[in-house]
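One chain is shown next in structure tokens, namely the form predicted on its own.
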């Protein structure tokens, strides 16, 4: 690719910044336009109460060599390997994840264990051919009882719809290789030689938070002559036939020109902002929608709370679905303070009451819920608190969503210089490694002119998380 071509990247999250970084290395003139004041998107890190935190739990691992190589190239030796401890909180008890036989036997009654095995046996007999929903898929894989215990409540909190309305694609992408048989085998014999990604016991973590990956990319992009423009929201994209013309307009009316546009903004907003668009496609795209996240951070006057990196909260009596303990990641982010910062995650749609709650109400609710679950001592105090709202961060896989997404994909493929990527841009529930891979491959496609089949990344047939972490040769 000629280095005199100009590329605009909308969004400075993992996918967009990786694409900009890879292109800048080849001498391409890159301008990144970011709607917020920082890089990293959902994977950013920031200082809070004298420590460093992330937007919930973000860990790095991948089975793809080119993704691992890029991580090492950017972060170098400035990371550590964290021993993962994540548990499920269900009926006032903690269940180790991955499963451990002794823990399961201790927490469940003989009747419950029998019910799990019986429902699994029945499912193996009757089976199901059309696994269209998340509920169908998980029930077929684990049995009805285990679905109700360890999948239903959390999933419905996250997505805001019942499990019989969640598409099976989500299960296929996230837990494709895991089954009750594998889980029990792992509980008895351990995970060696059979590591499903959700069972990975270690992950790489930069010493200044997960966002350090993207902060270092941003620094490199600037040194290589690229631009990163902050607090500029793209609202209009000028289109002429099968190309985005080389100008875009943000809310201030400023125009930017480029030969190629890489978009990581929410797919629905991209289509809405086009000056010329097939109205049928626009109407179809309105059926695609996102879930919002509200993060409530609480600083607790103790450095010895629960030992988990994060906990999945399956208790229906509270609204939050996951809680992160930043004390248990990397000591360098704690800045020698003897307090603990917890992050509680709440999910909602734009129209839901929770999304419009005041900071004060959210903080009060978060403290009440964490005390309800007895995750902090009665005598512990909340020293400081903060709220972060992240709109449109989870693409909702409602049953049949691909019937609406596929026409949009086919339509956008007709544009010769527009490339939607990333979790938001491609409407895929990506992990960091998926989005990084998209960024690497779009840069390669632009440079070589060869189609990299970006829309197939993170599908049920191409899951990046099926093996153990591969950082062979990297220093810890």
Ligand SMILES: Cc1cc2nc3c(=O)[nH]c(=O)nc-3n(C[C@H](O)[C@H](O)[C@H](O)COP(=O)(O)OP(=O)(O)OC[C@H]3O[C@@H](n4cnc5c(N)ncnc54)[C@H](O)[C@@H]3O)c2cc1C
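These numbers were taken from a predicted model, which means no experiment stands behind them. Residue numbers count along the first chain shown, from 1.
Just so you know, the form predicted together with the ligand exists too; it's not on screen, but the next bit is about it.
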| item | value |
| --- | --- |
| Output flag, 43, 234 and 430 jointly within 4.5 Å of the ligand in the model of the complex, heavy atom basis | yes |
| Contacting member of 53, 33, 67, 30, with respect to the ligand in the model of the complex [4.5 Å, heavy atom] | 33 |
| Contact of residue 394 with the ligand in the model of the complex (heavy atom, 4.5 Å) | yes |
| In the model of the complex, residue 313 touching the ligand (heavy atom, 4.5 Å) | no |
| Residue contact check: residue 444 to the ligand in the model of the complex, 4.5 Å heavy atom | no |
| Residue contact check: residue 265 to the ligand in the model of the complex, 4.5 Å heavy atom | yes |
| Listed range touching the ligand, judged in the model of the complex by heavy atoms within 4.5 Å, from 422-430, 22-30, 444-452, 404-412 | 422-430 |
